[in-house]
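Listed next as structure tokens is one chain, alone, in the form predicted alone.
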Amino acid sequence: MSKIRPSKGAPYARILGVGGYRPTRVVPNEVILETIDSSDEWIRSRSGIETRHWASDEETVAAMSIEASGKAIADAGISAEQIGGVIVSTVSHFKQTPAVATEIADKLGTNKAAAFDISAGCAGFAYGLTLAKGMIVEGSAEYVLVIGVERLSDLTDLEDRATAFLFGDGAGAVVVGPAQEPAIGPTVWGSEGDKSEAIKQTTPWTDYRDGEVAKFPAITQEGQAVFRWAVFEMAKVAKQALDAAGISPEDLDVFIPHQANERIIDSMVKTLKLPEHVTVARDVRTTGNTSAASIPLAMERLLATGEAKSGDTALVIGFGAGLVYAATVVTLP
């Protein structure tokens, strides 16, 4: 017989508050066209993107995260001292160690919260949400802050016609806490490492350090391969998440996919056969692809504009470099 006392946490978990931060500088397509041979019409038709936000030197990964987190904590109606865990998903914090989550936890005023970073690309927010749910139900924290944050402008090759127009900066955060009824469904997640070359960093940091390459590393992708994978495979994952939660497309109020490309979003909506009443996040138009930040930023905007409301049932799905993916159904805060 085991002598270990069993874990005891909340019966369920839910998102209690959401916050976002977009850098002050708005960059229209015209700026992107200064370094690539393209057109505003081509960019909009291929991606739906009209503008994106780029961070200043002062708008660091930590600074943007703190701004977004403060809003999420206030929205949740709790204090920073009650936060027991801080999870940060990012691929654009350039210090390998320590985790930026520890700096954020301290500056927010948490009481020595557990804090760590994860790297799951554009699926990172959904990964963090799943981890937070587990921490709350397991009992290792009562409230967990999940942050998706990127400064992808630092990893953008402005001369790469395939990607220069895609990426933006920003931070989105949610507070996850205890609930008496299910409000975050089962997660359907996984990876397809055999396709890892489809989205990648151009060269390792060590090659740049050693002078083997002159150009600072950037993110590149095989656009058509990623598009096909996202449209066909991720629609299947989204359907699995709905089934796992016991939710039909007719039961959905909101669809918040990773804001990668509006053509991908449109194709997923069609493949999933979502009813017309379902509100679809299209934050990509004015925010661009912000990787791990895109889902919470889109969630915050939908709630702020009234396009979605507290208590709505939403399907969220993230997918990206790795290739990794994660989908779940949530109740909006």
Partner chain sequence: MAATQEEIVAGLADIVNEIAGIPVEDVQLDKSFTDDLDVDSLSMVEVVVAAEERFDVKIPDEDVKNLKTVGDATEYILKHQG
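Residue numbers count along the first chain shown, from 1. Keep in mind it's a predicted model, so treat the numbers as computed, not measured.
Keep in mind the form predicted together with the partner chain is missing from the figure; the text below concerns it.
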* Asked: Any idea which of 302 to 310, 32 to 40, 262 to 270, 284 to 292 reaches within 4.5 Å of the partner chain in the predicted bound form, heavy atoms considered?
  -> 262 to 270
* Asked: For the spot marked by R46, Q224 and F227, is every residue within 4.5 Å of the partner chain in the predicted bound form through some heavy atom?
  -> yes
* **Any non-hydrogen atom of F232 within 4.5 angstroms of the partner chain in the predicted bound form** => yes
